[in-house]
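In the form predicted alone, a lone chain appears below as structure tokens.
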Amino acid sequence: MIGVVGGGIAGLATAYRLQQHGHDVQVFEASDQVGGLAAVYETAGDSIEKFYHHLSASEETIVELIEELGLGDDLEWPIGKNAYYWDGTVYPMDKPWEILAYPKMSVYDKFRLAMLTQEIDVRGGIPKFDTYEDLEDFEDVPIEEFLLEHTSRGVYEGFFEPLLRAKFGDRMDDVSAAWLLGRIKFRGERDLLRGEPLGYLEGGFGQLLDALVDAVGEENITTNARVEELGVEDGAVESLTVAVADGADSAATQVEAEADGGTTTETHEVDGAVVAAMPNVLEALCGYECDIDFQRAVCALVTMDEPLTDTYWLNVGHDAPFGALVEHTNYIPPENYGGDHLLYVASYIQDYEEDLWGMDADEVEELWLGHIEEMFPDWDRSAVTQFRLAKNPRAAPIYERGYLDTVIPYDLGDEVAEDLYYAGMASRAQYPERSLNGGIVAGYECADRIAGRKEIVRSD
């Protein structure tokens, strides 16, 4: 049996792929539900993710999995309208003529921005189409330096700088140009006349989680089960010790169990383990230290009885207490949610000491809705019928210069012990942008390595 630590999308994908290779698995999830950052809220209609999600056309592995699990007919690709808020005005930014009308950049700036988004290097007056092919060429280049050289100061100051400051705060100067180029590639599929199609599962991505749970088997997944110890014998993983909350349904074979104050400690013999969790979990289990810093996320889902804007993704180009307004029901119809209008308000935090991280839901609601009223004087918070707040202490890596030197290998046989693998957010699959697709790729990479290794062992 292979033990999987973590029941997020990466852990479930690992288990699913391992079963395809013929392995028995058991997934241990420390919280009371699977899904991680893809966990959901209930609404008056379909469920919805606690943290906003959509797919880009470049995310092929998750699309293949969705089709494989029989959900392909539920995958839709509506246009996600983008806009930029600056000085009290919302500027649409999807169609060429909308971008040309944006007043914060000159025509020359807009040309340079357009060339960058099409991955065309026009420095020196001769277009080159392969400059940005290898992201690793820009791993050690600061974003500001890159943009000033490859576009213009107007592009940097009039477009990118406010967005970078909103996302990375005082860490923006540490971030590598490779991350920015990777994001451009990641989000590069755009219809010039309509905008960018973004993928979403009708009924929410909770459907994908449910389908994965069904495929893996509920009997092979234990929630409220915190893995506390990794047993290593003769340089190889041989057991996992798990604290399971009383009442949790665990179907794995127990070689030892001991009750202790509301939990039962179980020791499971395993033929290998995959840690599909944050690197702090891996470090606690085996001492492997990861130097990647992570951002915290504070994200509210605001339920309203009327819309705020007609835009899906609104970037905020001033010093706001949040980074973006994501109006989900301008992308997926409000009829899917009982007629309610759903708005995400989100902010990334670089330091636990920041005031926002310590605020409770009522304080955040007062701060954020008050600022939205200032931005949109015709809007009244009486339209709000519910305000739900989620926080995550490790929502996304900070993609610093030299990031690739800090990713955790899939196979930790040389670093820690044989038969130990890593599929969490600090893996190579989550570079240069973290995503649901990256979690699935990481899970598959580990499962395929386990299958290949076991085949070699058996053939020997």
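Because the structure is predicted, anything quoted here is derived from the model rather than measured. A residue's number is simply how far along the shown sequence it sits, counting from 1.
As for the form predicted in complex with a small molecule, it is not shown, yet the points below apply to it.
Participant: Is there a non-hydrogen atom of residue 436 within 4.5 angstroms of a non-hydrogen atom of the small molecule in the predicted complex?
Facilitator: Residue 436 belongs to the contact set for the small molecule.
Participant: Applying a 4.5 Å heavy atom distance criterion, does residue 28 contact the small molecule in the predicted complex?
Facilitator: Contact check for residue 28: yes, within 4.5 Å of the small molecule in the predicted complex.
Participant: Examine residue 320 and determine whether its closest non-hydrogen atom to the small molecule in the predicted complex is within 4.5 angstroms.
Facilitator: Taking the distances in the predicted complex, the answer for residue 320 is no, it never comes within 4.5 Å of the small molecule.
Participant: Residue-level contact is defined here as any heavy atom of the residue lying within 4.5 Å of the small molecule in the predicted complex; does residue 379 satisfy this criterion?
Facilitator: No, no contact at 4.5 Å.
Participant: Looking at 302-310, 221-229, 135-143, 169-177, which stretch has residues with any non-hydrogen atom within 4.5 Å of the small molecule in the predicted complex?
Facilitator: Of the options given, it is 221-229.
Participant: Taking 216, 410 and 446 as the candidate spot, are all three within 4.5 angstroms of the small molecule in the predicted complex by heavy atoms?
Facilitator: Negative, none of the three is within 4.5 Å.
Participant: Please pick, from 420, 65, 55, 48, the one residue with any non-hydrogen atom lying within 4.5 angstroms of the small molecule in the predicted complex.
Facilitator: Looking at the other structure, the residue within range turns out to be 55.
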